[in-house]
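The data below hold one chain only, encoded as structure tokens and taken in the form predicted alone.
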């Protein structure tokens, strides 16, 4: 059974739904109509372009083009993570890229080659969307981990210095903040897995059901992607924070304020 298409008039009707929250925001005094309009316009243009590109990508199914697209996604995610975490890209770009790329590629390759086992391991139909879903959730987790960790370090600067004066190493002094940051990064995924199926149907499962897949097949794919998301987020968060320590602190274990953006 094929998924029903949404015709142009119905798409216009869909956009009309945005008028409801826009009106409510206006009534409570929030002037966000310009921001909302621009965000919807950008979303539409970006997704339309991606849709055109992905159709071409799927038709060609070239391993080099598939790899190039994933590389572009990783670079964009890298810059987005650091910007949202309030860290300067020129210091942390390589460390964050290495951590995220290693974890996402590991999880994606494991899932595609060992679990799904398509005819071609580079099949764009599997590799691109799965890598995208894993990367998107990994991005969120890394933003939380970096922002929470470095906010805690700066907030507890005196406590950190006290640990050092009492003979602790840099790692021993930052370990409490490190643990809390990783916990905060993976908590949303753990909460999502705990309530999945009871509170809501996840996006991948819903998409497959709408696409005509059997519910049990959709369930298995959803379980697979959530396991990979959890694994990738955890690995990337730990590696990313560990790699960043030598960048964020000087040889005397003093935090370098210049690595933080002014807006942080």
Partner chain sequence: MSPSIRFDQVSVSVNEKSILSGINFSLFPGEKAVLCGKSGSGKSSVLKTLMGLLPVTQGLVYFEEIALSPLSVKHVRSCAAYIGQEPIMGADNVQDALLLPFQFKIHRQHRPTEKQIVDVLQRLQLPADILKQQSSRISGGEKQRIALARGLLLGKTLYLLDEVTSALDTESKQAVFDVFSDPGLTVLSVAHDLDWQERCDIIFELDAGRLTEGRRHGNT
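Positions refer to the first chain, counted from 1. Fair warning: this is a prediction, and the values are worked out from it, not measured in the lab.
Heads up, the form predicted in complex with its partner chain isn't pictured, but that's what we're talking about next.
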property: Candidate stretches 114 to 122, 153 to 161, 86 to 94, 187 to 195, one within 4.5 Å of its partner chain in the model of the complex by heavy atom; result: 153 to 161
property: Listed residue that, although its partner chain is not shown, lies within 4.5 Å of it in the model of the complex (heavy atoms), from 168, 75, 133, 101; result: 168
property: In the model of the complex, the one of 254, 11, 24, 17 near its partner chain [non-hydrogen atom within 4.5 angstroms]; result: 254
